[in-house]
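Below, in structure tokens: the form predicted alone, a single chain.
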Amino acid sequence: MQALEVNYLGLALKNPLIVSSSGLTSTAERIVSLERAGAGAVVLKSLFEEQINMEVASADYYNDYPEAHDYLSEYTRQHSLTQHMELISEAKKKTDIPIIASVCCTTAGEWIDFAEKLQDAGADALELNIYLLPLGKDTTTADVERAYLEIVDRVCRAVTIPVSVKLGQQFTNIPATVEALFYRKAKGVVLFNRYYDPDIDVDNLTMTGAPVFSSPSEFRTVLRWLAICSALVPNMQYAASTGIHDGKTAVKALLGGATGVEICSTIYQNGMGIIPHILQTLETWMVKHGYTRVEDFIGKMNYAGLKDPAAYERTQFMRYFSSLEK
């Protein structure tokens, strides 16, 4: 019997598969089903700062009555927070797997208080999903990175549970950002986040959204930076996210340096049965290659583990195409 247990963010997981934040983790009943299917942990559907602020803004018609407006604004915030806390509490009662709370935020502000309350509700860890869209032409890269670090620093000072940060791919120097997060006491990073992308319906001349599900090809970028960051900042823990649709890709993520493997799109597309299928593929691969524990091969093929680490550095592919004939 292969040992699939891993230690992610200081949490004991029965296996490295983590169901990422989505509608799949929005109720305790769904989380129970995910545990039965074999998930090692779940990240709860996020508490969205933008959504709450939009709901608060909808109360603006009470501006002529400041007391009513203040009451409704506070009620909206607290109601959303209370629902999230109740989900954490119920999921903890009904399951034995780690429950990771998720907050999507764009400012530090009151989200520090929210993080403390999510901890008090019983969350085993907190995943910060930060996205700042710099629209001002005078905003510098340093300004944006400083804002990210301030949020993480303040949250990590406010809670005792482990905090991970789900990053996007837009940073100029991803390893430097990861190291800065480590010094702000973050325990882990998730590579990478997928954001809402706008699209245009050219037939109806309307704005719409791009497809929400990831594709397997997106994992290539994840693998590059996972392998590089896990080698250059080895004290941080890593979860791979985006483009992981099958067991072979999960194995690649672990070899590249991930301790946790977050999946979502593949469950929507294939059902919860994909979870035991991925785990079976992982076990079969371990038997074939003589591994009895997952932790024995995590990072084995990251940037530091290869004789030719330049394989992760190459970005220009024209010379590979130049030798191909039509």
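Note that the structure is a prediction, hence the values are computed from the model and not measured. A residue's number is simply how far along the shown sequence it sits, counting from 1.
FYI, the form predicted together with a small molecule isn't displayed, but the following is about it.
- Residues within 4.5 angstroms of the small molecule in the predicted complex, judged by any non-hydrogen atom, belong to 191-199 and to none of the other stretches in 249-257, 86-94, 223-231, 191-199.
- The closest heavy atom approach of Q237 to the small molecule in the predicted complex falls outside 4.5 Å.
- The small molecule in the predicted complex comes within 4.5 Å of a heavy atom belonging to I263.
- Residue contact check for P175: none of its heavy atoms lie within 4.5 Å of the small molecule in the predicted complex.
- Taking the partner from elsewhere, N302 is found to have every heavy atom lying beyond 4.5 Å of the small molecule in the predicted complex.
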